[in-house]
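Presented below, as structure tokens, is a lone chain in the form predicted on its own.
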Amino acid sequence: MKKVLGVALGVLTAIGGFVDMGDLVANAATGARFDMNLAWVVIVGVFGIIVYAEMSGRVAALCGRPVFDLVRERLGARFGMANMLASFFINFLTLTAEIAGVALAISLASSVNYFFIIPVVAVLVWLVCWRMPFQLMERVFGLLGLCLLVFAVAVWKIGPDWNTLFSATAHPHVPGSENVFTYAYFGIALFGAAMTPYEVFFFSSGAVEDGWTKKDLGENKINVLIGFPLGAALSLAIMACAHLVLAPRHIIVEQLSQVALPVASAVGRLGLAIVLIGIFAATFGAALETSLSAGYVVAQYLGWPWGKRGSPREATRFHVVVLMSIAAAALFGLTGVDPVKVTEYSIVLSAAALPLTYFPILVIANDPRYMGPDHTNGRFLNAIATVYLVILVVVAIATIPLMIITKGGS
């Protein structure tokens, strides 16, 4: 039973990373606008995050230290500083959108203006980060996030022609109403969402929080091989729902409420209630991840005590960073900024910063001084990781020009 519950770390990371506020809207918007022609990006992204998350979990288990804690030591203070600043900025944008996303989910169920709910959500996120034990937190919100499986039920209830659906997924092309630049831009957005840096910060730090050691390497593999593919499957189900229900009606997804329309149409009120619980859990889980990741990034770089393993008094500065990040994100959300746009920009910008996160992981996972002679990467894994690193560099180079050319995908 302990091993089964241990998978919750991977589930929470997958739900919060693959299916958070931005992904809910981005996958639905992509399905409505491009049909299933960008589904392949989600598949490529999930293999990439599996490779790098496995390495980061292995590093954490063998060293007893998360990846970011080792970046400064192995690659120097300047590289670590650049990594920290870029990661913290992108993480802050994501945290803003997640808090607003939780408020929007509650607003959909209560009809209360989400601006009034944002401060309440911020307080709840802080209380959970401050008081709830790490393992309980990951299990509660990770498992509640599985309510999003109702999207898969909705696809089944709609009863599509499965051969046509799989054929559309397997034979992607640029739709006639789009151009190659918008196609590439949305592809980068989906790829950045699949390999968001905070996933790795949270996953490796969570492994240390859970006390992983060498004997937990098997659990590490189970987590990444179950949790992340589950997140990708949910993303594809959301995309398919939008393709089947919204695209034929020429509905463009611009709000969180539109994401739930296919489920409400196919499953009814019960399905709508379940999907709202799932959206709340996924966005709240992502808010917890990004809140803690803000503290992880700063505290680990500066060498402060960090984490939820001890009392808040033992890691005061870490908890102060978490609190201030939540407060700042809530205030930013209250300015009226569009949370959907904030998240879309955060995942696109994260794509530009991906090499800063994943290059150090590859370096450390090949260093026997940290990993020992028997647990460094093998040739096959290194070949795959290197191919993905090249892809990440190409994506990083292309991101900003595509954002300018397409005016943010519009």
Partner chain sequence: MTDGRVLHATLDLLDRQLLDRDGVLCGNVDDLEIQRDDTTGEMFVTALLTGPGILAYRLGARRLGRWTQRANRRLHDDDAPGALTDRTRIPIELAQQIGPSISVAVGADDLASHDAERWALAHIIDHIPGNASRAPQ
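Residue numbers count along the first chain shown, from 1. Note that the structure is a prediction, hence the values are computed from the model and not measured.
The same protein also exists as the form predicted in complex with its partner chain; that form is not shown, yet it is the one meant from here on.
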{"query": "4.5 Å heavy atom contact, residue 312 and its partner chain in the predicted complex", "finding": "yes"}
{"query": "4.5 Å heavy atom contact, residue 126 to its partner chain in the predicted complex", "finding": "yes"}
{"query": "Its partner chain contact at residue 191 in the predicted complex, heavy atom, 4.5 Å", "finding": "no"}
{"query": "is_contact(residue 164, its partner chain) in the predicted complex, heavy atom dist at most 4.5 Å", "finding": "no"}
{"query": "Full three-residue contact with its partner chain in the predicted complex, heavy atom 4.5 Å, for 219, 226 and 375", "finding": "no"}
{"query": "Segment that reaches its partner chain in the predicted complex - one of 196-204, 320-328, 144-152, 232-240, heavy atoms within 4.5 Å", "finding": "320-328"}
{"query": "Contact residue in the predicted complex, chosen from 384, 63, 50, 44 - any heavy atom within 4.5 Å of its partner chain", "finding": "63"}
{"query": "Contact set, 346-374 vs its partner chain in the predicted complex - heavy atom within 4.5 angstroms", "finding": "369, 370"}
